[in-house]
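Just the one chain here, the form predicted alone, laid out as structure tokens.
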Amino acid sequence: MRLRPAPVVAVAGIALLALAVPLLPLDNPTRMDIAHRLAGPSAAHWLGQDEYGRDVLTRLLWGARVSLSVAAASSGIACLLGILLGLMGGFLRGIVEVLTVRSMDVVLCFPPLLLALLVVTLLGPGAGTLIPVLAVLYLPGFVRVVYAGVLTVRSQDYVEAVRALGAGPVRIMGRTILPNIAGPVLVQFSLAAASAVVLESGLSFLGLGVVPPAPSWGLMIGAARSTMTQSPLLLLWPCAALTLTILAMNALCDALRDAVDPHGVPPRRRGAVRLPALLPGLVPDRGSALELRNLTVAIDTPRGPIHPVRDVSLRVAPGETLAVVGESGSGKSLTGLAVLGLLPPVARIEQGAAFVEGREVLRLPEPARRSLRGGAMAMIFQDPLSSLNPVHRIGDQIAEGLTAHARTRQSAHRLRQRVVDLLTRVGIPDPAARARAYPHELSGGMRQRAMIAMAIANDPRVLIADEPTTALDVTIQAQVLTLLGDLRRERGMGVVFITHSLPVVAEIADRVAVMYAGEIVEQGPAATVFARPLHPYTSALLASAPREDGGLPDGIPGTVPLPHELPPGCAFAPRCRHRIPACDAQRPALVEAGEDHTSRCLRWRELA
């Protein structure tokens, strides 16, 4: 991931300015002009003169050189020693771990500022004392960061592979482990350097840091305090320089953290999604709860964009259940997340339109989409344990959704009663007590029912259920499916049921959309698709389902191709028993193969 340039430029500019100070046409920072003490800004002295008539700008720039030199030197020494001790302790373990890592706990027992004051008082002030003192203070932080990284990395397979090749400990630590933990170490260095600037200024302010008359921001702040009533600007300049430097270094820390995180993602863009304008004359079906047209989702990679969802069109009527079926990696969940505007930040909608009761939702600004989520559109996620906040009670989490979409303020009693009513409706026994329970106090089935209660709290018109029965046993699955069916009929919701289980589809679905490698390969009424599948992938899925006679199901050879490794023709062709040369030459179109029945196969007539 690229590093944000602004904080890098800011910190680099400050550092280069400090390095170039001896080359600049500045006055001697210690030259006094008592006759013009406390003089204000002028053409000769842009920021004025201090209590001894010295040029404030000159001392400010030389002070940057002193403060940054102390910070860089102390942080650098602590970083190098911390890497060495952390690597040895984390990789070699045993007595080495005790001597290198556990000994750092002793240093952590002392408050940093008090320890620095003690050492400086005993050894005397000055930069020569300050640098090793600060290095000792920041050493435990580096050791612990490196140690934690080594413990995480040392058990990885690639480390064992290098060990199997006969590499020694030094080579493994230096060439295999260290590069993989360099990111956190770099962030720790930037944090230590920023902290060292503040600590050096604080000690100099107390007279225990840099020795006068050498310039230092802390000394300038301390001296300006006594003359602030006569010349308040003398206090402003060093405080502003210190503040801007720390802000720039903190921004650099954040940028480094985002850049070196292997799981990091760019920040989500706010506002409306940038999509091509709707085609003129595109009229949504007013009778549909949800209508999705030609949705394509893209993810930008160094090798160019990949498309995990391609040209997907779906339609769900009020009170209807559409089952979206396919193996893992076929794009089912991304399709549902795209409709709700919950795509991961690395993914973006490249084209398409989604209409909820006739209103296009993909091009809405974020505040408008937020008002629809949990209201007109809702989603039930796959794992209720990870989807429920473990530190909040069940009732509070359901009430949060009610409050977010309430047009008027509701009393606490009214909210509690609505929560209890919702829990009662989804079949949770003793709902008042369950509302006060935490997620870990409920069984898997109860947690899933609580998630359903949260989803239906505001009477959504479209409910997207992302494999809500995967982690449940067969009995609880049947109860949840029955509950969803009852709620759909009662409330007239359009339900998109994402699953890979064909027995579930046969039980609940009115219509079926089969997805493979990011695209729809077959779609039609459930009864028709089950009785007369018109795509080889659908037939293979049906053959792979458990049989009623107890016979072994037929597996599907191969795996779903990755989005960047799609074959040029039919995506299913490498795994298909009906493959012909034409399948490798062109990507089949989704064609009408019957009444409300479509198939993406060149040989669908033969399969019929």
Partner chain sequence: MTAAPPPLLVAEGVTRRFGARGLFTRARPVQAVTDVSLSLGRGETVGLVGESGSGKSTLGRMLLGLLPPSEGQVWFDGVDLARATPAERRVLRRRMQIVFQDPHSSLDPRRTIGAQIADGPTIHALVPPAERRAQVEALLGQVGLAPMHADRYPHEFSGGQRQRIGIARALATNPEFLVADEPVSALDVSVQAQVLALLADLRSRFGLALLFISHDLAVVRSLCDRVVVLYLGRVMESGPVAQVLEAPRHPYTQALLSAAPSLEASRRRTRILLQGDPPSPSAPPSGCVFRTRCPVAMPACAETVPALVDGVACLRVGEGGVRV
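Note that the coordinates shown come from a computational prediction; the quantities given were computed from them, not determined experimentally. Positions refer to the first chain, counted from 1. Rigid core: the largest C-alpha set superposing within 1.5 Å between the two forms.
The protein also exists as the form predicted together with its partner chain; that form is not presented, and the subsequent description refers to it.
Out of the listed residues I580, L552, A44, I34, L552 is the one that sits within 4.5 Å of its partner chain in the predicted bound form by at least one heavy atom. Only one of the listed residues (L199, A223, L340, M446) places a non-hydrogen atom within 4.5 angstroms of its partner chain in the predicted bound form, and that residue is M446. Note on the interface: of 296-304, 166-174, 126-134, 144-152, the segment with non-hydrogen atoms within 4.5 angstroms of its partner chain in the predicted bound form is 166-174. Interface residue remark: Y438 is not counted as part of the site for its partner chain in the predicted bound form, having no heavy atom within 4.5 Å. Among residues of the shown chain, Q477 is one whose heavy atoms approach its partner chain to within 4.5 Å in the predicted bound form. Taking the partner from elsewhere, L542 is found to have a heavy atom lying within 4.5 Å of its partner chain in the predicted bound form. In the predicted bound form, no heavy atom of C109 sits within 4.5 Å of its partner chain. Residues F205, S387 and R393 are none of them found to lie within 4.5 Å of its partner chain in the predicted bound form, as judged by heavy atom distances. Residues E327, S328 are the ones in 324-358 with at least one heavy atom within 4.5 Å of its partner chain in the predicted bound form, listed in sequence order. P184: CA moves 2 Å or more between this form and the one not shown after rigid-core fitting.
Relative to the superposed rigid core, R154 undergoes a CA displacement of at least 2 Å between this form and the one not shown.
After superposition on the rigid core, the Cα atom of P344 is displaced by less than 2 Å between this form and the one not shown.
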